[in-house]
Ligand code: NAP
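First, one chain by itself: the form predicted alone, in structure tokens.
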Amino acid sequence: MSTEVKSIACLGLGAMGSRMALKLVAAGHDVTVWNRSQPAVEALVSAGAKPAATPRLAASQADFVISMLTDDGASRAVWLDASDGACRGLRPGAIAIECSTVTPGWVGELEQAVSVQGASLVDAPVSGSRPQADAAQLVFMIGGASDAVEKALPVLRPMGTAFHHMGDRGMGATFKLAVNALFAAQLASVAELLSFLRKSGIDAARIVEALPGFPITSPAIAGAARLMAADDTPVMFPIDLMVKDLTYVGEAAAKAGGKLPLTGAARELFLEAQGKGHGDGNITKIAKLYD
């Protein structure tokens, strides 16, 4: 069954954004792309996308505008720049889709700017890394009004396999931060226990062979343990970004009146790893704290 062609702008073509945009091109959509550096744009243009010189021009050519950026600051610059920001190019009735991992507070600010243009905002961050993006197996956590979410879903489907509408604006962003905090706490625990087991005389190969067989071990944690044991850590999720996410979730929890002592402890460990020069390394480099 054919899919209705949508006009989509993709802002930010990093490791995740480029893969997501490629899936939309492959699905037959009319995709316009913008990125600060040109090589990523050229690669997407070669695949069938159209280039835009600014976020504003990209947004002006689309009914759906997707951003995948590093943090609040990068997102704010791309959406709200006084002359070239995407918000200035939004068409009335357009759907802005923020897929970056950002704070609920920034999502609220962005919604106000989007609504001034007569458009609607959906926050839809993702769970999954480069392999999941390549395989169109991302999991979307979505916040926004139901009618806007329903309009956005056909655009999201070529990129993922699960779509969880968590509630109104900002709830997708909030849930994503909680998911990353859970992962961080598990990573910190695995790193210290792996060190303990090895120092107790258990061979690392036996540890990582046994762990996946227990119902408490998720595939992601089993994979992380293998990377830690082998000290084989291709960069899929840098420690710098995990520190950012753990800082964001701590701030969000404080505003909501929640307490996150375990998340706070995990953040301190990732900060320590960052301070020891592992910030640009994969999150599994936290195991280096126990060498």
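Everything quoted here is computed from the prediction, not taken from an experiment. Numbers for residues come from their place in the sequence shown, where the first is 1.
Below, we refer to the form predicted together with the named molecule, which is not included among the displayed structures.
Put simply, Leu13 is close to the named molecule in the model of the complex: some heavy atom of it is within 4.5 Å. In the model of the complex, the named molecule sits within 4.5 Å of a heavy atom belonging to Trp34. Contact check for Val114: every heavy atom lies farther than 4.5 Å from the named molecule in the model of the complex.
Within 4.5 Å of any heavy atom of the named molecule in the model of the complex lies no heavy atom of Ala184. In short, of 83 to 91, 152 to 160, 202 to 210, 100 to 108 it is 100 to 108 that has heavy atoms within 4.5 Å of the named molecule in the model of the complex. This chain appears without its partner; in the model of the complex, the one residue of Val243, Ala252, Leu69, Leu260 with a heavy atom within 4.5 Å of the named molecule is Leu69. Three-residue candidate spot Lys6, Ala58 and Gly144; no residue lies within 4.5 angstroms of the named molecule in the model of the complex by any non-hydrogen atom.
Along 257 to 289, a non-hydrogen atom within 4.5 Å of the named molecule in the model of the complex is carried by no residue at all.
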